[in-house]
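So here's one chain in two forms, each on its own in structure tokens, numbered structure 1 and structure 2.
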Structure 1
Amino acid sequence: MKDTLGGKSIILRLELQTEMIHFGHLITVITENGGDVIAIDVIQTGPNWTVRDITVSALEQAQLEAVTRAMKELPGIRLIHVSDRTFLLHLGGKIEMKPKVPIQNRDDLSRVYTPDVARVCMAIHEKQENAYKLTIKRNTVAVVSDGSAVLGLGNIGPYAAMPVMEGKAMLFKQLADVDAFPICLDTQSTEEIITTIKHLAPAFGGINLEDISSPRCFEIEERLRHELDIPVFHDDQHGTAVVLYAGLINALKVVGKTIDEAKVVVCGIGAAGIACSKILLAAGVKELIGVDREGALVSTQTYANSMWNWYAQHTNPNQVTGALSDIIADADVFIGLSAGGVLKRSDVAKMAQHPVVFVMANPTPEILPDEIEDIAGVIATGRSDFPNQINNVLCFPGIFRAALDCQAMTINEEMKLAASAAIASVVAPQELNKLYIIPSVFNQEVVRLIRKAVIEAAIRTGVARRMPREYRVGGTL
């Protein structure tokens, strides 16, 4: 899941009349309003005044607002301005394009642009696959959104979605050296989105769909996967699924259970819930029950949501019915992709011994880990302020690095399962415990191991069009 919490901070530029207020009193007022002073910089000083930048952090935006109000009301202080460090980071956007080689003279110009570039154009015209060798296509992913389901903010539109897509492009580059470009479309028509992406595809080696609302995201991804010859990957679905399964592999080891014998309850049958369920079924889960607003999904009912009908036909083998509090009895695993507060301590107490509880609703999980830490075997959330964060950043850089390097035509289920196993393997057996089942997104082994495992799966399943150098005769990975 995406980390939508995180600390917040501001920089207060204050002019202090030193005869009227002591600096220690200022710090006390900030602390009393929920702020934490993390940096102090002196900007100017005079005989009886000083200007300082005070960097203040807090858990909630409301606390920072309270600190700001207090500064305005405090005698002996003039609030010059407030700088939000997050907004400062976004000024002018967070990414840029730079040439790989300089253009220093007329000869350089002719070779990169005209007239000599014509020979390169014709080489691609004569053999289209040369685009992978002679253009940025071999290392470029389009991060595409319509802004209809951004973080927990909902349908905020394409302009407001850009900061998220820019951030994703940054992660692609920093973690896996993939050149990703944010593309936010000013349409929420399924047909227009599909058509636009197909028209853009020649420039890219892969398409990462992001923050597109359900159920449109299912059709958009499915159609594009069949109509394009490059990988199309909806990260909100499959990225979450890959990392969830990675965490579950290790969680089941901690509690001494096997996936084929585990009873798994999934709460929240939206895009992520369906993708997570599919990967768990592919991994060998036999008893999987999905629960949503209408209770457990069963094949004896017909639902308005076509994906729910598919889901009901492929899960709940014993056709059990009822609400979450009924279905969860004797379950080994709970996977929450729904809303804050829907799971109760009494529900967890009904589960099998040493239950695995993944509560991934953001920013408020289905139940706070503190409420069940004494009765749960392993707990994971989508947040960074609790152990075991299920974060799709662990997945998409490595899986696209692999797909680009072997010029995969698609990202299939075998490749996703391989990515999950690779992520899980980063945590060594001697390190594994209830508080550490999933590696950090900054662990440098994650992308390397995902790349290796996913390329091997792509070759094994026949979707790789290029054999990376280390797999050729005489090479080793």
Structure 2
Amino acid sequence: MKDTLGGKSIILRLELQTEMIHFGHLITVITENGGDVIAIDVIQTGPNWTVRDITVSALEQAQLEAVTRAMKELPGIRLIHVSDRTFLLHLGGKIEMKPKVPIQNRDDLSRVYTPDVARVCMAIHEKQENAYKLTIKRNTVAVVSDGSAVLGLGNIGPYAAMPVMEGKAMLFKQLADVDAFPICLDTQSTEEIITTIKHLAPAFGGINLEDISSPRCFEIEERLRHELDIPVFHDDQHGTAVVLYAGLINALKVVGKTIDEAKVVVCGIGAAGIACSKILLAAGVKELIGVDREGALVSTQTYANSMWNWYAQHTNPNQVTGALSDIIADADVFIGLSAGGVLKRSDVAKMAQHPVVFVMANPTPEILPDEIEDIAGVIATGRSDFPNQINNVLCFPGIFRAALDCQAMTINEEMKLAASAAIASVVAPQELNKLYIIPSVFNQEVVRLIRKAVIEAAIRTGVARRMPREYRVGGTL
């Protein structure tokens, strides 16, 4: 398994003895070790020395390590330090809180704070819905994790989970102008998580649950959905399912297969795998087989995880048993939501003609695309550095933009299916090909079309508490 973890570019600060080393030689050594020089900055110079920052990128972390080693060994060079650009970007965190209005004088002070703020408080006290008009609740979502299933890194705890939650908050803001607050809880008790989120809810218009491991995530979400009057959405389940379905609609068109005839294998029956399987069953998949660490799930077995019992009863119609490498034979579609390196080239070679291979584990997919690009019909990963990124980032900004704008009580099945169709529709028929089945996260149509489709589904199903301006009489769409 290739190591693709870690930063893929570094800045080397080097002191060069100009009489001992030629700059051209230095660049050649970097290139020979697999690095690409993408920037050179002169920091200081003397009569026969110079200090330079050399920014080097590489496909893999191992190449950056080789470049660093080579720099240490070259005569006439002193390696002052190495900075990882990803770490530099995280210094002090990635987001900040900013006031919308400046406080420039006493008058401003008395209005944003005491005494005048008291009148605003009382307006909300008299009518709680005013919180939507007069506080950040209208546009703010809590991104809540307990750090128990962070990407595919596993149970790394609440401190280590923060960079992912900060990243999600950035994406909410940049892509859909939703203010999102990262919250990592120092508990993995279902009851404590539920209670804490209920206590936090007054400040928020929605709760995005993130990276909470299964099966606890199911109960946490279900209970909160019933006990809160704001949308609660476990992104790893539903965000992933929405985007997966959008991608599959288009991938099947590319390979000329239909969803009801496709044999689909889902690997990793956790939060994401179960939700993706449910959307596929609802979409008409008949032959769906789930496989986890101990092989295919079958209804003849009883599992400690109650969701697996449900799963086994609703899938695997032929009661196929065995490991992934057995059950993948003749499959039309593989969906990986498990861990890096789980799928082998020999497994893909056993699949039906033009197989659709969605390897969505993060940060390392079940197999790297370059290992199978000659034998797969369509390949997608969860990452932004390969074509076809199937990642819940395509869903959660737009779906919450819609939910906040119509003050939806919940995010229901119709709203999710509307979001899938909206995402799939961004790729026009004439654009569709094996390297372009799903729009880019930077395609501005994505959030706009999801918002429209999801608001309309919310209104249709009676869960919208507010009509956005363009849906009121006299409004324009």
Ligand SMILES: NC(=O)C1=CN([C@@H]2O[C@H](COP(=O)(O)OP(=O)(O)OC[C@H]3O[C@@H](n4cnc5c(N)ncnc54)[C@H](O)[C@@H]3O)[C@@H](O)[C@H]2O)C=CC1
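Residue indices: 1-based, along structure 1. None of the values given here were measured: they were computed from a predicted structure. In this text, the rigid core denotes the largest set of C-alpha atoms whose superposition between the two forms falls within 1.5 Å.
Matching each structure to its source, the form predicted on its own turns out to be structure 1.
The Cα shift for P397 between structures 1 and 2, taken after rigid core superposition, is smaller than 2 angstroms. Relative to the superposed core, D370 shifts its CA atom by 2 Å or more between structures 1 and 2. Fitting the two forms on the rigid core leaves the C-alpha of F386 displaced by at least 2 angstroms between structures 1 and 2.
Relative displacement of the V320 Cα between structures 1 and 2 on rigid core alignment is 5.4 Å. Core fit done between structures 1 and 2; CA of L297 shifted by 3.5 Å.
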